[in-house]
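Take a look at this one chain, the form predicted alone, written out in structure tokens.
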Amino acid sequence: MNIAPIKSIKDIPTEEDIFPGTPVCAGCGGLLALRHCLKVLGKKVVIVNAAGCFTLLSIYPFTPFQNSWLYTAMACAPAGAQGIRDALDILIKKGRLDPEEDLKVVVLTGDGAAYDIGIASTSGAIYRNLDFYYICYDNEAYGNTGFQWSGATPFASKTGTTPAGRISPTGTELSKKNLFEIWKSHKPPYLATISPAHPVDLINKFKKAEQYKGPKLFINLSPCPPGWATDTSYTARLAKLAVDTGIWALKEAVYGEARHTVIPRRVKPVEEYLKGQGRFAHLFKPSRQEDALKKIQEMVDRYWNEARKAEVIKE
């Protein structure tokens, strides 16, 4: 097991474990990150997919993967992962499966399953200390059914079910759930946030997670061109802006002890991230919604101020 961190993008493995030509949307930030995830996880993997956008990835008889794939309903991917992990362990114990042929069990879900519909079965799996990887591609809405509001939808975002209008000028009135803290309260061995714009940070987190047995979470902020109303070529730049403005904090936690892994040298105003997305266009036209913009900036500033006070960030 090589858990030594890489130092630059030149050290990222060139071999691909996902074949080109998938049916997911062009510019999908989730797929961009998943490519890097699998570079570390390798081919001895079984992916348990909760219904969502990535259900499109592997449709019989076609698949872009070089590993196994199991499709489940939105609520029960961790339960499916439990069954697979138990079966592998029993076969190895009985001598019917060589330990060298063991597989890593990976749950792959969107934010709808991770933040809402599947959170009960996920909590149970963490409680049972299930040895699995949990990857959430977070595009901040129910992306494949019309981009409806989810528990991951940020304040003031326009979605299919929270339109900006006379009754609610800001669109979504609630703030995004904190899935990182929900998981952290269980004190699992490892959890992290990742970004397709920071592949070195992403890969090093997966390499580090390999040394831990038990539940391992990775939340990837996944720019979604059709849902966010952005150009398909803008994905990596937008993902980087999310980190540079402090809206998306890159961090990890080992058994509940958290630290930030990427700290912007100069935090940019949140407007630079918001104004490039159609889902936030109503905050700027036909007139600027100053109160909403101020509230978003204050939420970001409050987060980083509290993080510094807690000495999570070592400056």
Partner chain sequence: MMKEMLTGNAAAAWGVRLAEVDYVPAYPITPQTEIIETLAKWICDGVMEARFVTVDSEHSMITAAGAASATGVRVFTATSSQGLLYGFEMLYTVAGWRVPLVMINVSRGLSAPITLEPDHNDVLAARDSGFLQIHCETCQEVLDSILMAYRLAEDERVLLPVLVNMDGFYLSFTREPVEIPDIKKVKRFLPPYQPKHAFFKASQPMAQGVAVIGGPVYSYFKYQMHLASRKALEVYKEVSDEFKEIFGRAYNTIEGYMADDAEYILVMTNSFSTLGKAAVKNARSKGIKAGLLRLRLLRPFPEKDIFDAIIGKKVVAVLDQNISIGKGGILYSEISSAICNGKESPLLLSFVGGLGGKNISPEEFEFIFDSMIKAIGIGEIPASRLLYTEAEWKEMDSLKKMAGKL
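Numbering follows the first chain given and starts at 1. Here the structure is a predicted model, which means the values were calculated and not measured.
Below, we refer to the form predicted together with the partner chain, which is not included among the displayed structures.
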> From the list Asp231, Glu101, Glu173, Glu181, which entry has a heavy atom within 4.5 Å of the partner chain in the model of the complex?
Replying inline: Glu101
> Ok, Gln82, Ser150, Ser157, Ser195: which has a heavy atom sitting within 4.5 Å of the partner chain in the model of the complex?
Replying inline: Gln82
> Pick from 107-115, 202-210, 84-92, 141-149: which stretch has a heavy atom within 4.5 Å of the partner chain in the model of the complex?
Replying inline: 84-92
> Has each of Ser58, Ala73 and Gly124 got a heavy atom lying within 4.5 angstroms of the partner chain in the model of the complex?
Replying inline: yes
> With a 4.5 Å heavy atom cut-off, would you call Arg96 a contact of the partner chain in the model of the complex?
Replying inline: yes
> Looking at the partner-bound form in the model of the complex, is Val267 within 4.5 Å of the partner chain by any heavy atom?
Replying inline: no
> Is there a heavy atom of Gln289 no more than 4.5 Å from a heavy atom of the partner chain in the model of the complex?
Replying inline: no
> Heavy atoms within 4.5 Å of the partner chain in the model of the complex: does Val254 have any?
Replying inline: no
